[in-house]
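Quick heads-up: it's one chain on its own, the form predicted on its own, in structure tokens.
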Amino acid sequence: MSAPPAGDENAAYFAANRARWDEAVPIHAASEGYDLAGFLRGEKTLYPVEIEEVGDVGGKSLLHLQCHFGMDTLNWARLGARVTGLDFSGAAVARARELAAEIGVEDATFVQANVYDALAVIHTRFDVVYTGIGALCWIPDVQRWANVVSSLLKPGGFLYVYEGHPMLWALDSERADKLMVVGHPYFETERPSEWAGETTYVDGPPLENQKSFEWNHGLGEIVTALIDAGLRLDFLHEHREVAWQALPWMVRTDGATAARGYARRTAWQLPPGERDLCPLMYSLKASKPA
């Protein structure tokens, strides 16, 4: 991200998060969880539900907001899209540009900016705006985000989101008694939740920047923000599967065990008898009227 505007009360939170993400880039690039070697071989693909629900992107312009170091962005390029990725981490953007060169994708642009500042640095409009897993928790105001998204879309274009469900983010994920208990805010709050973690969500060494700040957003808040921004909701799907082991007692859908991280060909569920208790992920598509 670029620096937030002067006087922004969230500036300190953004700065702390950016420092953590800058440090995480080389760790993630070297991790088994991200499996960069598999990506370079063409094996580390997008999730099947994303490919199915977004549809054919051949020849379309696609903007990936909060793109990290560009693996998913470049997977859309492999499917034929003309891609632009935006992220607040300078280290992530630099690595994404290197990665594009490594796999020979020339029609890919990566831009460093806070998602709220996207309109100041991106002057084109897109057929598709895409946001993947674990992005929305880093923004404090979902309505402001929705307004940016709408402004970045061409008439007739659409937003696609594949995300952890806000109900899942609100659960206490560290309980030993296997009870699903709400331990964190479900709705958007003025001040973020503060977290401290020695490592990132995949394998790797301890971090120096261990603090992070996150905001949850209720599903109704997200959908209403998009509608208020002038978009039309095409679908909203809630999923019983999640792309990582979000709770320690979850089981893999194929019954096997897996390394920590995002395994693209596997998914996790609540144990038998509990699978209808709580949505774990959601996907949505919202279009801008032509």
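Predicted model only: the values in this text are computed from it and were never measured. Residues carry their position along the shown sequence, with the first being 1.
Just so you know, the form predicted together with a small molecule exists too; it's not on screen, but the next bit is about it.
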Is residue 186 a contact residue for the small molecule in the model of the complex, using a 4.5 Å heavy atom cut-off? no
Using 4.5 Å between non-hydrogen atoms, is residue 200 touching the small molecule in the model of the complex? no
Is residue 244 one of the residues lying within 4.5 Å of the small molecule in the model of the complex, judged by heavy atom distances? no
Is there a heavy atom of residue 34 lying 4.5 Å or less from a heavy atom of the small molecule in the model of the complex? yes
Where does the small molecule sit in the model of the complex: which of 232 to 240, 51 to 59, 65 to 73, 217 to 225, heavy atoms within 4.5 Å? 65 to 73
Under a 4.5 angstroms heavy atom criterion, identify the one residue in 122, 133, 79, 168 near the small molecule in the model of the complex. 133
Please identify the residue among 128, 161, 115, 108 with any heavy atom within 4.5 Å of the small molecule in the model of the complex. 115
